[in-house]
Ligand SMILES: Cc1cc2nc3c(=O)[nH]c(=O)nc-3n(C[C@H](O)[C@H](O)[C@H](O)COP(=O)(O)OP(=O)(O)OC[C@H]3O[C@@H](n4cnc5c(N)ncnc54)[C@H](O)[C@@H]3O)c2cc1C
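Listed next as structure tokens is one chain, alone, in the form predicted alone.
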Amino acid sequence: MSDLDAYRTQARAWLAANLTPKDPSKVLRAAHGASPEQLAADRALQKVVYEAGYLGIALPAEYGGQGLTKQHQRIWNEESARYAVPAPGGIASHVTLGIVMPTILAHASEQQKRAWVPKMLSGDELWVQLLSEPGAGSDLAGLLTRATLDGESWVLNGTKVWSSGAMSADFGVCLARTDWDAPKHKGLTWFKVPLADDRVTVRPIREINGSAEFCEEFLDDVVVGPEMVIGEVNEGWAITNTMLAVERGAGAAQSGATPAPSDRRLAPDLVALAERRGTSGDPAVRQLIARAHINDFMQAQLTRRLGEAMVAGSVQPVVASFIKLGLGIVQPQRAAAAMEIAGRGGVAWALDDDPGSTASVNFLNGRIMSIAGGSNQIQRNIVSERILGLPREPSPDGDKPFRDVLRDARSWGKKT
């Protein structure tokens, strides 16, 4: 038996002995759905998984990992897919391990990585992104959150929004402006901010689907020490690009978290909706299912191939914008197809009718990937300019001191 075969057997036995099979009806996405008791229990269970050696599988031992290979990680992903692997705070756990941790590993100091990463893996610390702002929109570099140096410490003031899972998190990675005389893509710095600080206010945002996954945060004279600065002062935009590439798919692809697309069945959820309604023989319905199946398979192939290329180093992580753009295009189409197939069952359903409610919620959530982490339009700009090498769009404020950009913006529309 090879090392990988033995590892699979070991992981399979451990899962059966320590975790319960996954119940789709109890999958938690938004952190607001977890009580403090449930959050504490999930943290404790994550520590059990961590101490057994199944978190940080491919990370170096000095950062709390096991120092194994991506193949070992992929085996764990495959074997654990049927189990309720703990995710404290729902989406907050995924942000911590899937977005923030890879970014910290790429840009934090050695001392920070050794101190922070093991606590993320063990569930002792949940981290989220304090990134978007109400006034910045898609122009993330136009953010206004301010960090002012006071002696050796920094004082942060500003507002962040659309932070997934912040109501259950311990810390946020916060991008703030530290130099107002530099161009807008310069003069930005990343900080680790404690969300339990009395000067931080976290407010959940109620969504159209009834959930409250996102939050807005108000920072009022929040003081952090120099040890909370991530990367170099005024050089935060490079870290931002890393984080966004990870969020758009580079992190999962490079870590082995994205399985190979081996399932060739016709979109099973859509087939189930059609069979329940008795329309599986309808040519129009069959066409919707076939189109969804093709898109599912092609998106999986795109993710796998780009992931393999990133791991091999033959392409840069920026190509994750292809993955993100693909999801932003096909997910709304798929959600609309499910509602059309479901008919009235996607508009009103019994409390125990999971297919009907799933079709409806997926429709309400269908635009998430076309907006979150950079809209489809932003991804097209990245592909055209940074991958295909086409000329950049004119940017009259790109080289101006940001202070002057704000001054000029106040005069827009005024008569001269």
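All residue numbers refer to positions in the sequence shown, first residue = 1. Keep in mind that what you see is a predicted model, and the values were worked out from it rather than measured.
From this point on, the text means the form predicted in complex with this ligand, which you will not see here.
Although the partner is absent from this view, I368 contacts this ligand in the predicted bound form, with a non-hydrogen atom inside 4.5 angstroms. Using a 4.5 Å cutoff between non-hydrogen atoms, L68 does not count as a contact of this ligand in the predicted bound form.
Using a 4.5 angstroms limit between non-hydrogen atoms, P283 is distant from this ligand in the predicted bound form. At least one heavy atom of S163 is located within 4.5 Å of this ligand in the predicted bound form. Of the stretches 59-67, 355-363, 36-44, 375-383, only 375-383 has residues with a heavy atom within 4.5 Å of this ligand in the predicted bound form. This chain is displayed alone, yet in the predicted bound form one of W237, F322, W154, F214 has a heavy atom within 4.5 Å of this ligand; that residue is F214. A single residue from the set Q331, T145, S132, T103 has any heavy atom within 4.5 angstroms of this ligand in the predicted bound form; that residue is S132.
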